[in-house]
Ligand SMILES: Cc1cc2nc3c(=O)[nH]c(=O)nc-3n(C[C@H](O)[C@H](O)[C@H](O)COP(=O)(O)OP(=O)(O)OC[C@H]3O[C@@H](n4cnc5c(N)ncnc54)[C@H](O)[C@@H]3O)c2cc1C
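Before any questions on binding or motion, here is one chain by itself as structure tokens, the form predicted alone.
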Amino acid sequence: MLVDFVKYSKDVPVIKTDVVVVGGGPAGIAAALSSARNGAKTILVERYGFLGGMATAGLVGPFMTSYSLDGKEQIIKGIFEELVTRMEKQNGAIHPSKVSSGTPYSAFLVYAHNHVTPFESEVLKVVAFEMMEEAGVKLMLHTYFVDVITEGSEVKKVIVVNKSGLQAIEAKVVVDCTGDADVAWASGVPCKKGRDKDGLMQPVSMFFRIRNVDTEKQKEYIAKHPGERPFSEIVAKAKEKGRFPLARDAVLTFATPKKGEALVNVSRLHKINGTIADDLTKAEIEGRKQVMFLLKFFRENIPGLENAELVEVAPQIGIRETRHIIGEYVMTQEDVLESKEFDDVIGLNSFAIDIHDPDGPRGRFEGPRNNKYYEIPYRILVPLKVDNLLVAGRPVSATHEAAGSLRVMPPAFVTGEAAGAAAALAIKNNTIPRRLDYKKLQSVLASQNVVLPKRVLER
């Protein structure tokens, strides 16, 4: 198809602030709060009319584990813990300390699924708004990122659009929490996509919520099939008969805090590029078709789901992987598996390297070999080439393999909280994020109840 071009020029109003955070998912929530609480005038830009990102718009749940792999120690706290505690008070979450692996809350999975956090997405939306209001964050909802204006090695203005038209946000530091490194990419930051051998990215899924789930009947089936991935024998037999065309080998239903309800993570589409509109369009259409197929299949084949009814389908397709920035340091699978120590550590994570095969039904699931956790360095938030930009959440500087662990929501809160604090500190210290004294950042994070290694706290 022939593509024509047109040059478009327009004067737009400028909004000035200290820090602008683009994207209101888990990383963006934590970044905006951390920035504002450290004294920076902060704007949070979000394309939906609510916050939460994949936790709300994607209906992704529960929050994966915030504990060490052996389940003995909570290693992710800070803003994540505050949000969960506040949701729990409104009956919108179950604290991870009260949730064990091998239960309906973890879809009966055991390894790396101890102490997950079931939550209600609608309660998360309300609590996130409350926290933003208390911190003095200016919200710009229904607002889309468009482009950047750069000068030299700095982002001078972030261009956004909403019902009021085009606007330019002038900020001293920009935090990219778009999930796809959209701001970083537009600013000229080098990025990679997918695995090294072919650039293929993890498949996408359409999450949905169901009710009338008979968890007792599910438990009975699981008890009779120990060691089996949930309902995998049923799926395998259906595939043999040509009745299950999806590239999945199990049925994962994660119970929510509401009795009889569950979030379903079974839909799967391969070779979707989440940075291409045509691919996203295809995924939205096909994903919803898969939901309808799965509902029928569940009712006819899966114990405990005979009377399942659809409550809602996620507003958007769930994306696991797109761009990874190239930062001051690129985190590798060896860093995760061997629990490498970093001087500039800004948080911990234990979730396994979780790679859904980019071109098949299975994948890889492997956690830190010390059975505890690994450290996240500040440098993976600091992109090359652009001086006043930080990146948090899914697109941090990591290989395809390491990103398979960092991509889930609890570590997104970790990197977001560090990015927000770093942005505010850089302004206070009249420096750029790249040159920020990481020891000062660690001190601030420790004061915010972020869990750091003992050697850092005792220094």
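Residues carry their position along the shown sequence, with the first being 1. Remember, it's a predicted structure, so these values are computed and weren't measured experimentally.
There is also a form predicted together with this ligand; it is not shown, and the following applies to it.
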**Prompt:** Looking at the partner-bound form in the predicted complex, is residue 62 within 4.5 Å of this ligand by any heavy atom?
**Reply:** yes
**Item:** 4.5 angstroms heavy atom contact with this ligand in the predicted complex for residue 179
**Value:** yes
**Request:** Verify the contact flag for residue 318: yes if a non-hydrogen atom of it lies within 4.5 Å of a non-hydrogen atom of this ligand in the predicted complex, no if not.
**Result:** yes
**Request:** Consider residue 144 of the chain shown here, and say whether it contacts this ligand in the predicted complex, taking contact as heavy atoms within 4.5 Å.
**Result:** yes
**Message:** To verify the annotation, which of these, 398, 421, 40, 45, has a non-hydrogen atom within 4.5 Å of this ligand in the predicted complex?
**Reply:** 45
**Asked** So which of 256, 350, 253, 205 reaches within 4.5 angstroms of this ligand in the predicted complex, heavy atom to heavy atom?
**Response** 205
**Request:** Using a 4.5 Å heavy atom cut-off, indicate which stretch of 427-435, 403-411, 32-40, 66-74 touches this ligand in the predicted complex.
**Result:** 403-411
**Request:** Heavy atoms within 4.5 Å of this ligand in the predicted complex is the criterion; list the residues of 258-272 that meet it.
**Result:** 265
